[in-house]
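Just so you know, structure 1 and structure 2 below are the same protein chain in two forms, each on its own as structure tokens.
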Structure 1
């Protein structure tokens, strides 16, 4: 039986939800508005939220100074490439852990998760030397590899959770019908876990798109994604807030649009198997 909720409680919860939402969204709104100001208006005190002389000058200057579409394509290739490579590795791994576990499976899962707790700067020097000696510095392939390794524990953990919710009897029935291991994973397991795989894919594209530490330290110009594009507007001469805001808006707009249109799929995937 559904629990009755008072009107007063509904109002309080709604107001609290809107307040939290506005608080989270406000920095993005502020960045967007600042991108249409002049540098003088951007640092004016008290600041003006809506009433100022709107200008597109910052966007023109950002595009003239930096090739936005080059950085954009680098971000697309690196984020999608690393996520797809991670899924290719993670799906068989998660299948093995979910349906053919060993006494050490949980230990392996915890070890993988523990690697995310290590500060990235702790392995920066050896990673940099490996990339330099193998010719992977400032290449898309190098960033695809390193971002795959960084996000692989998250991908495996998420897929493992989704696969655990799939009845093993279905896979056994496929084996009895003569399905090979590859066909079992591709034609039986994967279609049943599409919501979980889709949400994992979307979440890890977002994580790879927003990755700044490795992209700033392992690239210079050729493979520099949008995170490096934003950082280029922080210079020893000072912070140019209006231009920095324009660059930030151009960098986050694609991923915000992706998140907006895929939010139902994300929620569906992240809650996959949560309701019994």
Structure 2
């Protein structure tokens, strides 16, 4: 009897959860489907969900007309470049704070977090002028630098919470066995640190890929990543829903897939380890 009730309850919960899940996901599904329609079908009334002539034409056209691949590569270079540069700077720092903490470590961490609270618009003008005067405007290098700086606090915090979990006794044990510092790092610490570093890498690529303040303000066309490329669809000519959908689908697909694989790290990284 009790079992019956709980199965019934489970079915009700399942239906409700799936309905809400699909509702929330629907705009993305709709974009995906529209990308395979012709422009005329895309605005047809009433619209059809699945029953239309599927076509790949929009994907070809987006590439041919606006050199989609160039912007895609800009996104790849900027997000991966800024993440790697950030990791190189952050790993020693997080390492030091996790393994030889001082009474001031917590304050330093809080101060780093507080730099994230500065609204970007507070430094928009000088950054724009510095970039203009040094020729960094509309370059990949310029964006790599800025995105490294804005994501550095998150990278450090995330690595710190992971490194903190590596037990100190292991180091002592290795030392007792006569391991040198270099061996200690290569054979003991590195294997234990790699999962944390990988999670940090993943989360930061997602954040950098989607960053849409600096990428919009500091690029024009040459170094414009996908965020800025898509924004150029905001003042379109003629029919464009299907092409917008195709461009959007290609811009979000890689990150959707990465993100789905890193749900857990997402929580931890974005809450600075406060929620695990």
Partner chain sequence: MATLHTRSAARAMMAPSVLLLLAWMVVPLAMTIYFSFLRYNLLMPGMEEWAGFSNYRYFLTDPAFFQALFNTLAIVLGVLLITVIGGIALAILLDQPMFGQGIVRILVIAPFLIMPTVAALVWKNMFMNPVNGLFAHLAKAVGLQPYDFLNNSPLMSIIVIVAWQWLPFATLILLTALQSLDEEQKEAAQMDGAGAWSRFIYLTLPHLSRAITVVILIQTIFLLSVFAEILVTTNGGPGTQSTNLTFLVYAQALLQFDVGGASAGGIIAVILANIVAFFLMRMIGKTLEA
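Numbering follows the first chain given and starts at 1. Model, not experiment: these values are computed from the prediction. Basically, rigid core = biggest C-alpha set you can superpose within 1.5 Å across the two forms.
Structure 1, not structure 2, represents the form predicted on its own. After superposition on the rigid core, the Cα of residue 207 moves by less than 2 Å between structure 1 and structure 2. The Cα position of residue 217 differs by less than 2 Å between structure 1 and structure 2 after fitting on the rigid core. Residue 247: CA moves 2 Å or more between structure 1 and structure 2 after rigid-core fitting. The shift recorded for the CA atom of residue 59 between structure 1 and structure 2 is 3.9 Å, with superposition on the rigid core.
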